[in-house]
Ligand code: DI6
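There is one chain below, alone, in structure tokens, taken in the form predicted alone.
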Amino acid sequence: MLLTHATLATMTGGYGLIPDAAVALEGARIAWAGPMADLPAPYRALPGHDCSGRLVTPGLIDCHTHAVHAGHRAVEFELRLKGASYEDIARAGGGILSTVTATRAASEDRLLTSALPRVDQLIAGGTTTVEVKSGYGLTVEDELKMLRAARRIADQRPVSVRTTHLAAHAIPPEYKGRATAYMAEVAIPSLRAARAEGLVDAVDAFCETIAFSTADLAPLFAEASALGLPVKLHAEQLTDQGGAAFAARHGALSADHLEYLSPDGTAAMAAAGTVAVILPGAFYTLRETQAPPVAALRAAGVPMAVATDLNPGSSPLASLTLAMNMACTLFRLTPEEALLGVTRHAARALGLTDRGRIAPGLRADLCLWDADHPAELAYRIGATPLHHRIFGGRLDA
């Protein structure tokens, strides 16, 4: 296929804008991209698709979701509006643990069936790669059940799926007060089993007062390293637990949330090359008041990704373009930073080097937008100006 007369945002050197551009696709890869005037002769005979000046970007990448789960938590949303805090609800048996109860009761097929409409919403908004975490099973078999369901999404929908083991998401009631035992008897054994079954691409954990300390997580991260798996971490969302620095010491791909990130944590992430994943949906839903230190991250040169954090409790958000708008409006990212955050930097947060930009040799995952400037994607509130999505070189019907 040959895309012609496009306004191309290559996402190299910022937006990397090329007006009146062309992109040649061969199979699932980009063969050439550049100004129409420079189009090499061999590509001129390819079947053409006239973009009529429309914006073309890399396919969007949602690098942090909990898309596989059962049930919802609308009642907790109402309780928070009446004054209950996230911590209050969690300590009373709600929060993550209420979703654990529903997820344990659901079959693998049911988890897949319930996840597909959420993934469909992401796809309709331009997503071509989505990360999906476990973490609502909290037994060996239920964690594996979630990861199997997540892997099957890619068989049902035109989207790349990266799966992340998150058994260290919460301490289930049967292990209350016994984090060390839970790590030894559930988190680490489920990780080994997931690795053996080919179900896991990375390892995540929740470092927080209502979850796990860095000391609790050290054996898990050591096991991940032994299994050859990269790590990431939910860090500094509600309090500063030193999670970001801990993650950086382990060479983490990303540290996510970061509302309470310290200067030491910022410096450690910068030195390690760890991506900061900004999650405005959770900040918005929980009505937080302390924003991530975006200016400090920017000054330190820490790459910032943006994701939906799609989950049933703190971020029931299934639109990356809305997440971009929120990141700009609530956290003062620039539109350019927001688009980098769902393309180039999101790819880096998943350890992927074959997508997130428009360049020869990379995956032919692209979005054609009813827009003529990249800032429009973050500017419009709740709009999805997607004209066409190309996944693996194929134009969506």
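The first residue of the shown sequence is 1; numbering continues from there. Given the structure is predicted, the values throughout are model-derived calculations rather than measurements.
Another form exists, predicted in complex with this ligand; not displayed. Remarks below refer to it.
- Proximity to this ligand in the model of the complex, defined as a heavy atom within 4.5 Å, singles out one entry of Q237, T164, T274, S190, which is Q237.
- This chain is drawn without this ligand; in the model of the complex, the residue among Y86, Y260, F212, F221 with a heavy atom within 4.5 Å of it is Y86.
- When contacts are defined as a non-hydrogen atom within 4.5 Å, none of Q156, S160 and F391 contacts this ligand in the model of the complex.
- A residue is said to contact a partner when one of its heavy atoms sits within 4.5 Å of a partner heavy atom; M183 fails this definition for this ligand in the model of the complex, lying far away.
- This ligand in the model of the complex is not approached by L322, whose heavy atoms all lie more than 4.5 angstroms from it.
- Proximity of N311 to this ligand in the model of the complex: non-hydrogen atoms within 4.5 Å are present.
- This ligand in the model of the complex comes within 4.5 Å of no heavy atom belonging to A106.
- Here the chain stands alone, but in the model of the complex its contact with this ligand, taken as any heavy atom within 4.5 Å, falls in 312-320 among 190-198, 138-146, 109-117, 312-320.
- Residues H66, R73, Y86 are the ones in 60-87 with at least one heavy atom within 4.5 Å of this ligand in the model of the complex, listed in sequence order.
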